[in-house]
Every structure is written in C-alpha cells, then in structure tokens.
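The form predicted alone is given below as one chain in structure tokens.
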C-alpha cells in the first residue's frame, strides 16, 4: 500500500477514526494491527522477518538489563545485532557480494561459484532493522529501559507512517509516545494536513513529473547524449528530494494527526553551504544514526587526525552501501566521504558567524554541483552507465531529447518548492508549516491542492526509498 494510492486514502481515515474512538489502553492494538496490515499489503510472507527481528531484539534487551555480567550482556547485545544485520545482509546483500565474489573467482579462473538466490527485497527492511539495532544498543548503554510491553515495542518497530521509508526513529523519542493519551486536536489536524498536502505536492507534481524525463534518459543511456544527461541529472536532484521529502512530509503529517511527533527528516538540503551542512539537512534520521552508532563508536573525532579522516570516510562509504546493493551506491557514498574529508582538511566549512548572502548563494551552488555529480552514480543503473553518462556530459554536450511539457510543469513545481524553502530558511516556524491557520495559508494550500490535482502524476508510482 502506497501513500499515493486510492487504498491508502480509505485506509488512513478508518484507522484514525477507530484510533480516537477507542479507549486509550487499546489504541496501541489499533495501530499495531493497522501497521501489520499496511506492511502485509505488499507481501504477506515477509511479515515473518519483521516479527523475527522484533522478537529477538525485544527479548535480548530484557536479558541485557537482567544480567550484571558484562560478557553475558554483550552476548545478548550481539544476538540482537546479528539477528537484525543477518536478515538485512541475507535479503539485501547476499546476491550482491555473491556476484562480486564470482567475478573475482572468474578472474582467477576458478570454477567455484557462489549460488544466486532468487530473493525479493522486503520493503523497508533497512529502516526497521536500524530501529531494532539502535534500540538494543541504547538499552545496553543504559540510555533507555527495555520496553516490557511486547505489543507496544512491536508497534515501535512497525509504526506504519514511517515503517517503509523512515524517518528512522529512536526508541527514546517514539516509544514513550505510545503510552500517552493522544487527543484529536484541531491544531494537529491543521499542521498534519499542511505536511500531507505539501508532501503530496512534492511527490506528485515534482518527483513523479520529473521522473518521466529522468527515467526515459537514464533507463536508455545508450540512446542519449550529454545534454539530455545533464538536464536529467539536474532534474534527478529535485526528483529524489521531492520523492523522499514528500514521503517524509506525508508520514510526519499522518502521525501528527494521531498526536504523535516524528522527527523532521529534511531541512532544505540544497540551501546547504557545505557538504557537512548538507548532511545536517538531508535524511537527518539516517545521518544522525550513522553518527551515533557507527562514527562515534569508531572514535569519531577523538582520535588522531588521519584516523579521524578514515572514520569520516568509512561512515559515508557504509552509508552508501546501506542505500543499495550496487557498486554505484558505494561510489556515491565514497564521493561524499571524499568531499567531507577534503572539506575538513582545507577547513572549507564556514565559521559559525553568519555568511553574507552572496557568499551563501555561491557556496550553495557549489555544494549542489558536487552533490548532483554524486547523484549520477546514485541514479545510474550500473557503473558502466555512470561512466558513459559522465563521459557524454564532458565530451558531447548536445541536446538530443527535450520534453518541454515535462520540463515546464516540473519547473513550476521546483519554483514553488524553492519559494517555500526560502521562506522557511528565513523563518523556520513559518505559518506555511506550523499549526496556525491564516487567510494566506488557506489560499496557499488550496492552491497546492489544485496544482497537484491538475498537474500531478497519479500513476501510483513507488517512492524511490522503498527499495532501500
């Protein structure tokens, strides 16, 4: 079930109605059943995986707090980690590493081969496994007491608004909210509706409209030249932002109506004035997850300078691999790792003082170009395609394919998005997003609804991050 599907349009109002009509002590049941139904609408069989990781991490966390022996506590922590990472590795990376090993074996002329497994990647597996990992580690580090109520913990792992594409919520933030007495509040409905409308606008008007052009070019790389690739690459930067930020906005709005707060996952990343700033604004729940559970445990910046640079680079390299089982994603992560290391070596990140407007614009454009270059590898179907696309952009900048209708409607959407982002950059708690209802915001969001209805692409297109 997709947020941009007819079935979800019926699903959510029913869930919200049952939720608020039920006594507080039974609301977790409504949400848990709804979340598992939401997940099973893709593939009933794979519900076993989420249930398995939930059970292992739940009982492991309880054992961790019951034991005083450090070795025994570590054993149960590793049981939980191996269970979550094992499921993730097998379904997402087994064939990837198997094929890489087979290529190596073929190079050395060995007849041995790693078998290929016909596996369907479970939706959202990278997200819910990271939530169970962070929960187990937080319990081990005494940051949170283990949740004794299995149903509420299962809801934390499977909460449907953020189950399949984040944000990756922390147990310290989300778990306590399921024990609160949520109320149907007018201000929550207003703020939630604003997030939902804007999220659908980003998805249907920007992401899915631009995808018509980007997919045509990138999926038939051999038929196009550098000019088409340049346009498609710039548009993809806005496509993936509209797609993922749109999903995150809808998720935040749905949860807000239920009186549950999810973290804001995007804060105008293309206005970033450094690569470090970009990663403080893009997919914030993931970047902070890697910071807290990978980068800092490796020593963070509290090590020698060379080791610090290595820690930074490895964090981005692994982050790239998290995004997908393809060397293109590894290169994408590695490029950002190189960017961030060079930025620190040459101290390119600006000081805390406020930058002059023209300097901020210039730095934002440079960051966009660097990020957009890396997006080529992220979007390319293969390494050979990525190399071909870059070569064509550099050597053959002719324009063989331009769809003016797609570009026109897509640019309208991008223009409106930039106006919103400029407004929020100046005043983050703007009436555009907060729970206040003014004449200006009524006209603005009514306009967004009309634009979405007339310009949006309603083909039920899947959100990009569902594949991760």
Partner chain sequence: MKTQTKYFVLLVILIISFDYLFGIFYTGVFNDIKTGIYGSVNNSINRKDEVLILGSSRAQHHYNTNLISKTFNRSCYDGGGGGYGIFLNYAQLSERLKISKPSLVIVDVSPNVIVDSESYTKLNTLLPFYSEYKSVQEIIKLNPDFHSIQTISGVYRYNSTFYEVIKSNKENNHLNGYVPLEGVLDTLHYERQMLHTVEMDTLKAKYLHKMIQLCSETEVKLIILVSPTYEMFDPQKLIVGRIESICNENNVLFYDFSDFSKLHKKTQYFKDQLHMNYLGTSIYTVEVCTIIKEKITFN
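No experiment lies behind these values; they were computed from the predicted model shown. Positions refer to the first chain, counted from 1.
The same protein also exists as the form predicted together with its partner chain; that form is not shown, yet it is the one meant from here on.
Peer 1: Of these, 62 to 70, 417 to 425, 399 to 407, 31 to 39, which stretch puts a heavy atom within 4.5 angstroms of its partner chain in the model of the complex?
Peer 2: Only one stretch passes the 4.5 Å heavy-atom test: 399 to 407.
Peer 1: Should residue 438 be counted as a contact of its partner chain in the model of the complex, where contact means heavy atoms within 4.5 Å?
Peer 2: Residue 438: yes, in contact with its partner chain in the model of the complex.
Peer 1: May I ask you to state whether residue 445 is within 4.5 Å of its partner chain in the model of the complex, using heavy atom distances?
Peer 2: Yes.
Peer 1: At the 4.5 Å heavy atom threshold, is residue 187 in contact with its partner chain in the model of the complex?
Peer 2: Answer yes; at least one heavy atom of residue 187 falls within 4.5 Å of its partner chain in the model of the complex.
Peer 1: Whether residue 338 contacts its partner chain in the model of the complex should be assessed with a 4.5 Å heavy atom distance threshold; does it?
Peer 2: Residue-level check for residue 338: no, no contact with its partner chain.
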